Structures are given as structure tokens and as C-alpha cells.
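This document opens with one chain alone, in C-alpha cells, the form predicted on its own.
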């Protein structure tokens, strides 16, 4: 399920520090943000992915968060309708790249959906309702994926921008979660590893080809993963985190 071959990423714009953020972590350094993004790209290549790197969109400061504008499964890609008005037109600039790999479906008005709120594990999809994703968008995605044999659960996102700020898979049967999401009924079928208190940001990890990419600076979470047999690589994301970003949202990953 997890052997990815391709990734679609976009260069950060010169205006990346002017993007949307609710984080109270200070102003991002655009130069350092680009350096951290470049290290992410190099890591994807190093672990075997062919990366399609799209040009920066200077009009859209958040457009390097490519995961928010499309949901990609092995069968189909769904172009989203971002919840933030400033990001709506980003979808126009991702469609052609995604269409090279998958047939496309689309979320329609009045639905809103951010990819950061959608976790797909095998044939199970979980959509988090948040400030960016509404019930109509979740229902539309559920209906689209049902046609390909997926079951979708819809939950409320607790105390985070996106669902995947708090829950991500680290293999086909296991999730890394924050304590606030541990008791969700839709997660009962999975083994759950809970990030230590104070390291909630570290739940935003990406499992790619048997390697878990995690944000650097969270020793408790790294220890938890390694003690459970996972190969871990830490990634610098200090500037990306200032923009409400995480490792999951920096690429669209495709098998």
C-alpha cells in the first residue's frame, strides 16, 4: 500500500511568510523556509520518489502546501475546494499535474475541503470537520470514494487546524496520534502510538516507503517510534511550522 513512486511539490513563493497562520511562533524567515523545503525535496528523492516540482505561485503564499488542494488515492484524485477563500484558486494550478497520474473528480460549492483534513488508510477514509472543511465537502468526498469501495468516517477535529495535525499512519495498521484523538471510535481498529505530552506537533509525520519522516526536536516521539521498530528521519520545519504547516502538507504522494 505504501510504496510511493511519485510526489508533486511546489516551490515556496517569495511571499511565503505572508501566508495564513494561527501559530504564535513568530514571523517565518522566507530564506530558511526555502532551505527547509529543499531538504524535504532532497529527502523524498533520496528515499526513491520521482518529484514533480512546480513553479512558485507568487500570488498564493500558501501554495507550497500542495496536499491541501487534492486528495490522491490509487484509483482517483479529488480536487478539493479549500476552506480559506485566499486559497481557492490554487486548485487551478494543480489540476494538470495531477491529471497526468489520475482521473479527476472535484468538490463543488457549497462544500469546502482541505487535504490536511483527510486521512486515507487502505480503503478507510477519515475526514475531519474543521474551520477549513465542512460537512458538505466531507459528504461529497465520501460519495466519490464510495464508488471505489472506500468507507468514510466523518469526525470533528479537536484543537488543531487540520485532522492530520493530530493523526497520521505509520504503517498499514498503526497510527501516531495525540491524546485528544486517542479515543475516537473510528480509530479503534488501529494500533495507536500516542505522542508525549508537549510534543503534539510531532504527530504530523509522513510514512514513505518504510521510513517515517518526522519534525526535528521531539525526542520523546522519536524514541517512541524507534522503540516500536520504525526507521526515522528528522526534518527541520521550524519556519514551516510558523505557517501552520507540517510534513504531510508539503507533497502529494502517489503510488
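Positions refer to the first chain, counted from 1. This structure is a prediction, so every number in the text was calculated from the model and none was measured.
Here the subject shifts to the form predicted together with a small molecule, a form of this protein not shown in this document.
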- prompt: Taking the shortest heavy atom distance, is residue 128 within 4.5 Å of the small molecule in the predicted bound form?
  reply: no
With a cut-off of 4.5 Å between heavy atoms, is residue 20 one of the residues that contacts the small molecule in the predicted bound form? yes
message = residue 245 versus the small molecule, in the predicted bound form: is there a non-hydrogen atom within 4.5 Å?
response = yes
So in the predicted bound form, does any heavy atom of residue 81 sit within 4.5 Å of the small molecule?
no
Assert contact_stretch over 120-128, 93-101, 179-187, 159-167 against the small molecule in the predicted bound form, heavy atom within 4.5 Å, equals 159-167
